[in-house]
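Shown here is one chain on its own, the form predicted alone, set out as structure tokens.
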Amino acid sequence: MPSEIRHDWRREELLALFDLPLPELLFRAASVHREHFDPAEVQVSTLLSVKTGGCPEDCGYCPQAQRYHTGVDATKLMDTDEVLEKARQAKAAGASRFCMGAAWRSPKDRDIPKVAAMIAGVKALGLETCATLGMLTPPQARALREAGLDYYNHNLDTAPEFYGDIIHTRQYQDRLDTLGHVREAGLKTCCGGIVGMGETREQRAGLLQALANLPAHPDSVPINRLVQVPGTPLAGTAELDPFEFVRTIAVARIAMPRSMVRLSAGREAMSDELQALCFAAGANSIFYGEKLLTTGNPDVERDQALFARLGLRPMPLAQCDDRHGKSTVAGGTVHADITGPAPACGCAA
């Protein structure tokens, strides 16, 4: 039977999926994946920290929190021209989406025009735009949308009941409220979490339950594997079993069939074999480039070599000449997230 798009997942249903023998779980996830995507295609994005460090929050995993001694120095917001040069480099390397991250609890209204200029410039290069700036007000979300922002990233991080063990300066509802403002502004959502922070399997299922039961499934679901940075409270946490990470990817694919499931932070430490299992389990998106905000990421050459070994290719980005006309595929770029039927014109937007 075709996979059902649901927003009423029960915790015990997701745990039952986690408990399946791994070959059976991979088969189910791969079957769902094939219903909605070409399993040989992977969407590629690049992430740039446009304002690093100095964050007042106390997220236990984050080296950018000003209260932790991690060697990450606070910087000012980058100049737009410098951001655009990085975006050109990302596009030349094969990325289709350019994500801009700033270490803020929430941006001040005076920051929005500066970020909007970056967004408009990146959009003019023919790239999809994504930003992660912390909590947003409804007017801020609308202003970013008007500037040309396509996606907004705001993670739930973990299950509601485990959240208070990791973060104390922001409530779970604050995150849900920002996601609501983003959706109401007409932006697509990029929302996932981090695993390997000492949570139980039930709490990993709880994260996926919270994501899958949002009013709309996130267009992109980044699954981050904790990068343990010395100086943060979570440094020294027992590492998550690699097969448990693969199970998390597979259950995310089954619970959110049309979402892009992204291998995000922590990929630098993953073997090629582990990444291959994740792709087999339904992951179909990665971040490209040498750095994710302040932590390492596999370089472009390694990713290209892995794609070649696995027979994978970047997703093509459908670019529509107009909403009711023909569509073309731009060579050398890669796909926008698709979460529902494409318009009649074939545009993926």
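In this text, residue numbers run from 1 along the sequence as written. This is a predicted model, so every value here is computed, not measured.
The same protein also has a form predicted in complex with a small molecule, omitted here; what follows describes it.
Remark: residue 275 does not count among the residues lining the small molecule in the predicted bound form, judged by a heavy atom distance of 4.5 Å or less. Within 4.5 Å of some heavy atom of the small molecule in the predicted bound form lies at least one heavy atom of residue 133. A residue is said to contact a partner when one of its heavy atoms sits within 4.5 Å of a partner heavy atom; residue 63 meets this definition for the small molecule in the predicted bound form. Although the partner is absent here, residue 170 sits close enough that one of its heavy atoms falls within 4.5 Å of the small molecule in the predicted bound form.
Site annotation in the predicted bound form: the residue of 141, 119, 227, 127 reaching within 4.5 Å of the small molecule with a heavy atom is 227. A single residue from the set 91, 145, 175, 123 has any heavy atom within 4.5 angstroms of the small molecule in the predicted bound form; that residue is 175. Of the stretches 251 to 259, 235 to 243, 95 to 103, 206 to 214, only 95 to 103 has residues with a heavy atom within 4.5 Å of the small molecule in the predicted bound form. The three marked residues, 157, 194 and 265, each reach the small molecule in the predicted bound form, with a heavy atom inside 4.5 Å.
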